[in-house]
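Just the one chain here, laid out as structure tokens, in the form predicted alone.
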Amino acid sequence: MTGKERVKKAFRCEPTDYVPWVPFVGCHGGALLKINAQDYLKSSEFIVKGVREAIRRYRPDGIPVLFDLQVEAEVLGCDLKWASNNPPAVVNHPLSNGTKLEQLQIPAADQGRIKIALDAARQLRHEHPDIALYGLITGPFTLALHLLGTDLFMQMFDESSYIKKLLDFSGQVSQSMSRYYIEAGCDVIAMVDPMTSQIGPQQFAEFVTPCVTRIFESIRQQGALSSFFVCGHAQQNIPVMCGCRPDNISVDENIPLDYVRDECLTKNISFGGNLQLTSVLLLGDEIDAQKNAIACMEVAGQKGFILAPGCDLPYDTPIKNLEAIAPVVRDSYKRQVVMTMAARSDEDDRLNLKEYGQADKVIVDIITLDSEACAPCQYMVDAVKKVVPEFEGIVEWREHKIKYRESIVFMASLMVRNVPTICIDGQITFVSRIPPRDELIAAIQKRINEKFRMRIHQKKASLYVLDGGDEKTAMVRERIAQAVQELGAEVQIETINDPDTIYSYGVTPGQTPAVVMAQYQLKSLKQVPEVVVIKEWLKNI
């Protein structure tokens, strides 16, 4: 049985000799060639060489030609910001900058980098007839967001008819891209629509279902297979995704695989996923990768399942980790060997963050895969960046990209389970949902108010009356006592007569009576605070 036959059988929920393995090689192909992502994604020659090398090393049953959700957006007028180790990111939205929807045209097969992708697909089809080739297209909702920006979410309520027209146009683009890839020889069209994780089932059914159902029907009529690929915390949308009638639904680690299995197989829809991209494939070792693959296969079972990473492989994913997967997919004995090895636990690496968020400033942490490579992450970071100036000097924001080990530890320490997530002063606040501007501002303001009230309760002070023998000292003490009583403040009052101690406060003879106030703020109780926490305290000294 060839890899292509194995993938097709799995898509149809038919028996296979083993679970098909499909690594989603995108810009990682550039790493295999030791060239940067920008050069790789702009050259059909490099794409072919990168995929060819991935096939040689990873022994897949199927593989995508290209993984870049900005190809269509670029042709339609979106400017891109390029990076050396990530796909590009959209940095402007033509429909929010004066362009009319009526001015946009369906891209042709020979425009921009569409031509590059199709040229690569044709050559790879010729070279690898036994591999299932995936043509990846940008889903209509994500493409609409690229074109309009985050105003789309508000306009879904205020101007729903316009958004439906925009999604209809985006759907036509997706349908055309599907046709181009099928004509170039692709077996599977994977519609990748990560931004649908930001809406609920009702909005999905109203805005997304009509256009994507037409796309999948068109793919079916052309004799190809379809996959609906979503990343992020989109579990609530799996049933409505099934209702769109794709041949396959693929998810990332944010969604439990057993849930997807049960939802899909009852409707005779295959499913794929959900190897952990960063904590395992990028930052782990070969054993970690093999254990994760085995765990996915044990949960999913063999019927209708495609083993794949949850999204585009990070550029720097260690080659050895991906090479380790095919052997345990194909050999049950090797699976048994791996499972006898002790599981590694990172529990001891977790930080104690119980005292996190005690600094004077409010800290907004954004846990992302990488805002330069992940559309939902990008738009969540943008949302925070836009509101922080409203709190100048009071709020700081930080992005924690979980492709780095320290960010993985930080994420685990905060008990964050999904990305992207916004935490405010260490408290999980928005999970896999881009908050509207007003809602984000309100959440930050709420924390500011809480912190202000907490400061009032926590702060204690001492007043030192420096007495040089002057008769005014008694009057000063009386007035202090009256002020403390009227305010109900918790203040200790002490009179100091020793000349050396008085001088240590910078007060010389003849300057008394003087009053010195010392403030104390409770920072930690019965804990051994982490260095990162203590540093936050010291910043305010």
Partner chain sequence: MADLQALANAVIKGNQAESVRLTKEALGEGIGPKQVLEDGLIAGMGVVGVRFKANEVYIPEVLISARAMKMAMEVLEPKLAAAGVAPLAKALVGTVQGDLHDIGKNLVVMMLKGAGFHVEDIGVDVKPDVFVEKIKASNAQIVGLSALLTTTMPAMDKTIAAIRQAGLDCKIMIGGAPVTQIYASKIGADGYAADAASAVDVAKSFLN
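This one's a predicted model, so the numbers in the text were calculated from it and none came from an experiment. Numbering follows the first chain given and starts at 1.
Same protein, other form: the form predicted together with the partner chain, not shown, and the subject of what follows.
- [ ] Look at the stretches 394 to 402, 192 to 200, 167 to 175, 265 to 273 and give the one with heavy atoms within 4.5 Å of the partner chain in the model of the complex.
- [x] It is 192 to 200 that comes within 4.5 Å of the partner.
Task: Touches the partner chain in the model of the complex: T209 (any heavy atom, 4.5 Å) - done: Because no heavy atom of T209 falls inside 4.5 Å of the partner chain in the model of the complex, the answer is no.
Open item on the list: Although the partner isn't part of this model, could you tell me whether Q378 comes within 4.5 Å of the partner chain in the model of the complex, counting any heavy atom of the residue?
Closed with: Q378: no, not in contact with the partner chain in the model of the complex.
TODO: Please check if Y333 has a heavy atom lying within 4.5 Å of any heavy atom of the partner chain in the model of the complex.
DONE: It does not: once the partner chain is placed as it appears in the model of the complex, Y333 has no heavy atom within 4.5 Å of it.
- [ ] Decide whether L133 counts as a contact residue for the partner chain in the model of the complex under a heavy atom distance cut-off of 4.5 Å.
- [x] Taking the distances in the model of the complex, the answer for L133 is no, it never comes within 4.5 Å of the partner chain.
Task: Contact residue in the model of the complex, chosen from N321, S218, Q358, T150 - any heavy atom within 4.5 Å of the partner chain - done: The residue in contact is T150.
Open item on the list: If the cut-off is 4.5 angstroms on heavy atoms, which of these, N418, S407, S371, N86, is the one near the partner chain in the model of the complex?
Closed with: Of the listed residues, the single hit is N86.
- [ ] Scan 259 to 290 and note down the residues that get a heavy atom within 4.5 Å of the partner chain in the model of the complex; none is a fine answer too.
- [x] The stretch touches the partner through T278, L282.
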